[in-house]
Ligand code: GLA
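Have a look below at one chain only, the form predicted on its own, in structure tokens format.
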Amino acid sequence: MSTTLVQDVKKTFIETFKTEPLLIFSPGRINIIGEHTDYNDGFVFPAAVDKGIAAAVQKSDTGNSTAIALDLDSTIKFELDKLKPSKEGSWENYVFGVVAEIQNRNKVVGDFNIIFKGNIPGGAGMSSSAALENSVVFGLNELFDLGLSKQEMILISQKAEHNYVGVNCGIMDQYASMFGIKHSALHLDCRTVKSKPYTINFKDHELMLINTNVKHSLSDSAYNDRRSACESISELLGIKALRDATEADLETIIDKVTPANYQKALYVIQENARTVKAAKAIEDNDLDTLGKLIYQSHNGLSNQYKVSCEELDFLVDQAKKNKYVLGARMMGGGFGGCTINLVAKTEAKAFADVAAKAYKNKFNKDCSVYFIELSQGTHIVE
């Protein structure tokens, strides 16, 4: 957690509203393995990280509420009984959405002021939106004594994203941000929304993200297309979701689906199995096997599920050329964003430099490198 972020929002809050705020830190997340398995009722393996959003919040006695996004230098005043989504893509929809979903549960929220600021890199696929939603619901739950459980809070955050932001997201992002445990990843079953934490001893290795700094416009339509392909194959198999299928089941309908959709479903079944193998590898402190599974995940995402892009594939190929990188893959929805790399600590900087230089030569643009630690979920900062 960044103490400077927390200090910044606290200082600005006191200067602006002349009162001491409640301070919340809500982290972004990474996903070690298990991509596009969440909406197939499968397993994912996320972890909260040490980058996130700091929020300062307190009751307001002015008859209205104020939210300030420090990063964007943007302020919005609003009345709680007149909430509706503002124009598409506006940051305030995350705040309005959370308040509206709390009200939908017949919980009474009074007027409040909130200021937030984050250090999650934009477009990196580390779920700054979930971190923001969670910071708002967590802060309001505390301030107004709403008695919401963490489980209820993440459902409120998810619904806010569905109904106010217009993104039909799964539950992984909100879950990982809320329930994160220091030094641990959460093997999360997206059907039961229950997880088992695994403490990871990275020993002399660490996780490094390389952001392609590209986002290809295909992503939303491709996401919906993948989702419906998975759902139609589940229907053909007579099951609730692909998490219930085996490779042998899939073979029984090979002549009823297109080769492309067959590969997509096969990827989901295999990726789901990889998350279970990854849990075992972590339990056995076997980073080599974990790295191999991460490489296999990328291969599937690129060649079977087809959600990678030239830039992501290039960075994973750079990792494969370096014997100090145990595994690398694209992370997130795809078509841009980050690769996640498991790399020897002593060699990480050298690898980052070589990869960044090669990337610049190839695409004539810069990539960005971030080092991350696995950290605690949404919490009050004393």
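Numbering starts at 1 and follows the sequence shown. On a predicted model such as this, the values are computed, not experimentally measured, just so you know. So that the term is clear: the rigid core is the largest set of C-alpha atoms that superpose within 1.5 Å between two forms.
What comes next is about the form predicted together with the ligand, which is not displayed.
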| query | finding |
| --- | --- |
| Contact residue in the predicted complex, chosen from Val137, Ile233, Met178, Met172 - any heavy atom within 4.5 Å of the ligand | Met172 |
| Partner proximity in the predicted complex: Tyr223 to the ligand, non-hydrogen atom cutoff 4.5 Å | yes |
| 4.5 Å heavy atom contact, Asp38 to the ligand in the predicted complex | yes |
| Partner contact for Gly336 in the predicted complex: the ligand, 4.5 angstroms, heavy atom | no |
| Segment that reaches the ligand in the predicted complex - one of 318-326, 47-55, 30-38, 346-354, heavy atoms within 4.5 Å | 30-38 |
| Did Tyr94 shift 2 Å or more between this form and the one not shown, C-alpha, core superposed | no |
| Tyr305 C-alpha shift between this form and the one not shown of 2 Å or more, rigid core reference | yes |
